[in-house]
Ligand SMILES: Nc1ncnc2c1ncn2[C@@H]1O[C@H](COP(=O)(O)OP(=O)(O)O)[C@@H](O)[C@H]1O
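In the block that follows, a single chain appears as C-alpha cells, in the form predicted on its own.
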Amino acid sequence: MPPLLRVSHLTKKFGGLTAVEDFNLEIKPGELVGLIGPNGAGKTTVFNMLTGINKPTAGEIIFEGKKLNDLPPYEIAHLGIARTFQNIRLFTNLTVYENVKTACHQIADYGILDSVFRTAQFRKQETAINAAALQILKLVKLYDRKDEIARNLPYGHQRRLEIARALALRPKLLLLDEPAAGMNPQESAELSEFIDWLRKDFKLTILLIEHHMDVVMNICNRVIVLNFGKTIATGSPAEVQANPAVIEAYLGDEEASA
C-alpha cells in the first residue's frame, strides 16, 4: 500500500537556527503515528510545514502524490489535511454548533450573490451544512451542548470541540498537536479512547504530537522521536520507550520529574 504522506529530507531554518533537520516520514492510510520529544525539539514546526504555515527550507512533502511545499494552508486543507493546535483555538464567543458550522462551510460552493439573494442553491447548501454540523456533534457526543458558548465548556470538551471542527473539514490526515495538554489521567484516558475511535470509525490517518506518554503508548502504531530538530529514534512504542537515546534525551527527564 503506497503511503498517504511521504516527507523526505525536510529541513527548516529560521535565520541561523535549524529547527528541523533532514526529517523523513511515511504514513500509510489508517496509521496512527506519534511524534514526541522535548520542548523545542521541532515537533510543531513539522506540523507547520505540513500545513503550509511555514515553508520548508529544503526537502519535499508529498500527499497523495501531490507536492505540498509551495501550497497555501487553505489549499492543503482542501486536499484533506486538518489540524488542531497546542493552544486551543476556538471562536470562544460562538456556540458549540456555530464553531463546527463555520468549518462545514468549506463544502459550500455558492457565490456571494447566492448568499445575498438567498437563492435556491444557497438554501439547499445551508440545509446540508446545518445537518453536517449537527451530525458531527452527535458523533463526538457534544450534541447536547450545541447551544452552549464555547468558552463555557469544560476544558476536555473544548479539546473535543476543536477536534470536531477539524473533522468538519473532512480530512484524510488529521494532525493533533498535544490534545491531552492540561488534562488529568482520567481525561487523558478518555481522550485516548476517543482518538482511537476516531481513527477507526472515520477511517482517518492521524499524526499525533503528545507529551502524555500513556496516550502515545496506548494508541500509536509507531513513534518518532525528535531532539534538537533531529530524529533520534523511530519504532514501535515499546521499542522507543526502551531506547537508551530516548531515555537520556526525553523520557529520563520525565521520569525524574514525575
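Position 1 is the first residue in the sequence shown; the rest follow in order. Small disclaimer: the values here were computed from a predicted structure and weren't measured.
Form predicted together with this ligand: not shown, discussed below.
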query	finding
Contact stretch among 213-221, 64-72, 188-196, 31-39 - heavy atom within 4.5 Å of this ligand in the model of the complex	31-39
Close approach of residue 246 to this ligand in the model of the complex, 4.5 Å, heavy atom	no
Contact of residue 238 with this ligand in the model of the complex (heavy atom, 4.5 Å)	no
Proximity of residue 19 to this ligand in the model of the complex, heavy atoms at 4.5 Å	yes
Contact label in the model of the complex: residue 51 to this ligand, heavy atom within 4.5 Å	no
Contact assignment for this ligand in the model of the complex, among 86, 106, 95, 121, heavy atom within 4.5 Å	86
Stretch 121-153: residues contacting this ligand in the model of the complex, 4.5 Å heavy atom cut-off	none
